[in-house]
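As a starting point, one isolated chain is supplied in structure tokens, in the form predicted alone.
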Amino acid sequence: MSGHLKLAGVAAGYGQVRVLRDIDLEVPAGGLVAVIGANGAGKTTLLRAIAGLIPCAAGTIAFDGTVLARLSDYQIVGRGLAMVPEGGRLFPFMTVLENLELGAYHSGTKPHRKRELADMLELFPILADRRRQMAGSLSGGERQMCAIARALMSRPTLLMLDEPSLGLAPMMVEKVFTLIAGLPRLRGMSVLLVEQNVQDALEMADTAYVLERGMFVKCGAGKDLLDDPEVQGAYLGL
């Protein structure tokens, strides 16, 4: 497994609107990288561009040496890149079990579906208890865990998460972040985390980027940015 992602000079947006400009980013194999920034900075657009959901207007996105512009979003998933969108976006009228099984729909993961499902139910005991329950009836934290587990069912080498703590109670936020921080070790994968909970994101990140108006303005070790006076003033209220 690898999971090495590299962006060079990437620009992307919607129609004629250029949201991202001159983006250089790297997620090393087995690393945990965070992107922080205010609402509207372009964080979700960044993940959507990497996942192949919107085209790049300039630059290159390479994953384990393969340029992703040549692949469809379905093929990108097959290469080992998975994304948990903001809010999880489960299928509410399907059971937890059915949602998880959909994560292994790709031909490369179907042979491993039973093993991965057993692993997910062990990693997320609450989902094992709720396996026959409709996903729409889960609590916010349970839905987020189900969304993460569904993405892991595809056996990714890189997992991207968009605002996983959004709307969760503080106790559940702690549980979700503890899980995310352990994924590189437990699953041997890389993680790219987009998050507005700046302090927790920087504490767990090996490397972090600060995105403002579609451009990176800072990059460094997560703990170094946590001590940066400009970051503290802009995002931590210090």
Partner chain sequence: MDTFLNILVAGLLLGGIYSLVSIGLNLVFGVLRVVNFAHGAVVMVALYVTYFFYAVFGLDPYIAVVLVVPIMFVFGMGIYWFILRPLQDEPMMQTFATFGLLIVLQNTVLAITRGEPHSMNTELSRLVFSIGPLNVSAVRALSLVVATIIAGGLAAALRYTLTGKAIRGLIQDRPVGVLMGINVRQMYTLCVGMSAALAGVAAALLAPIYSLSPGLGDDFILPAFAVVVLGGLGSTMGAYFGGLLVGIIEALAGFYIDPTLKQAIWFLVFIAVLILRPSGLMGRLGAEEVGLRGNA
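Numbering follows the first chain given and starts at 1. Computed from a predicted model, the values in this text were never measured in an experiment.
From this point on, the text means the form predicted in complex with its partner chain, which you will not see here.
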Each of H4, E26 and V33 having a non-hydrogen atom within 4.5 Å of its partner chain in the model of the complex: is that the case here? no
In the model of the complex, G103 touching its partner chain (heavy atom, 4.5 Å): yes
Taking any heavy atom pair closer than or equal to 4.5 Å as contact, tell me whether V198 reaches its partner chain in the model of the complex. no
Closest heavy atom of A51 to its partner chain in the model of the complex, within 4.5 Å or not? yes
Touches its partner chain in the model of the complex: M94 (any heavy atom, 4.5 Å): yes
Only one of V77, L138, L121, L168 comes within 4.5 Å of its partner chain in the model of the complex by heavy atoms, so just point that one out. V77
In the model of the complex, which of 184-192, 207-215, 43-51, 56-64 comes within 4.5 Å of its partner chain (heavy atoms)? 43-51
